[in-house]
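Coming up is one lone chain in structure tokens, specifically the form predicted on its own.
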């Protein structure tokens, strides 16, 4: 029996245990989706470097582990351990998951107001079945993606946000996923964010590790913006350097909706982010900003797809990478402008700093246009620190490390400076500075 077959059988056996633990939850309509997904997982193959979409991302080390799916028996720890990852509870709504399981103890989701629902997915399946039935699993299909199929099969916990039309969530929503286990744990966060007509919200979605054990996070998020909805969504991945992180985010935008994404990656040994947004009606706007800092042997892979299916829509995309040691980065950004999407305005750019001779980046910006009245541009740049600028700063009394840190910080900071949540912006800038101070900034 091959190693891959044994691994699949491992997850198939774990699914049987998972299914038996559901009790009454197995009677809910979504469970049939789980059953279909685990069958599809069994049929699909894990991607290899022979697959075009995974050409530069070798996941063979991930397949060497038999991760144990997260259960209700999570490792308890004192609230003070995660306080440094939390923002002011007076100013933020907070929902926390430990090893993929909702923690009431560490969450603060009270006094939300009428027309606003924030809860864990497990409760939402019972309390809001009509919303779950309409949206969950309708955008992030698992038919061709083995990781989405695996995540869907084990989908039980995650964040459910439902904002009805004309409602504004006054406080930003912090979603915190904490990995802390004595075992090699596998979690499948499944997030569903639904925003009604003319609603508004801000979300900070964080993944952190407080354990050095190897872990596997396989997250799927579906974001639905109805007409006129405005959403700012920041995702920060700062897990252990022994963590594997596979994430897929699907954004569905209706007429005149406005979505801003900030995707920041610091941790993980292998990280893969797939982010797709689709304009379903006119006058939509989407901004995708990304920042990744790789060191050691980290591999950080970002795949984005901007699907301009309707006219008069606008998209801006800027991903920046900083790579040192033997770290590797991958950026594959696609913009599709379909035949009917006239008056499209689409901009895409990927910029990377290589701080060592062994660091590498594989970048592939793609632009496919089938309309004739559009303004579109895309490009990629790869370079090193400006030696003249370094010399200038050193002549002003700065050390070599300080001079490099200032230049790198200036290069990276414009990706996050437009975040409207002050505490989040300050936190990311501080985190970036700390990471740079501990990195080996070669030139």
Partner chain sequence: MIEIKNLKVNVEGKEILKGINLTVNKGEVHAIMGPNGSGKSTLANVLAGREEYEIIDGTILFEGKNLLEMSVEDRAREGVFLAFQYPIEIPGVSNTNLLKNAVNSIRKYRGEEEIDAVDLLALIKEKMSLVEMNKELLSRSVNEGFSGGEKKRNEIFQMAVLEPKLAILDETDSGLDIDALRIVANGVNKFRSSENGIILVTHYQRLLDYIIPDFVHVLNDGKIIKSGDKSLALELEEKGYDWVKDQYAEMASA
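Treat the numbers as computed from the prediction; the structure is a model and nothing was measured. Positions refer to the first chain, counted from 1.
Just so you know, the form predicted together with the partner chain exists too; it's not on screen, but the next bit is about it.
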Taking heavy atoms only, is residue 396 within 4.5 angstroms of the partner chain in the predicted bound form? yes
So in the predicted bound form, does residue 402 come within 4.5 Å of the partner chain, heavy atom to heavy atom? yes
Check residue 49 for me: does it contact the partner chain in the predicted bound form (non-hydrogen atoms, 4.5 angstroms)? no
Is residue 61 near the partner chain? Define near as a heavy atom within 4.5 Å, in the predicted bound form. no
For the interface check, one of 62-70, 49-57, 381-389, 27-35 should have non-hydrogen atoms within 4.5 Å of the partner chain in the predicted bound form; which one? 381-389
Contact set, 402-425 vs the partner chain in the predicted bound form - heavy atom within 4.5 angstroms: 402, 406, 407, 410
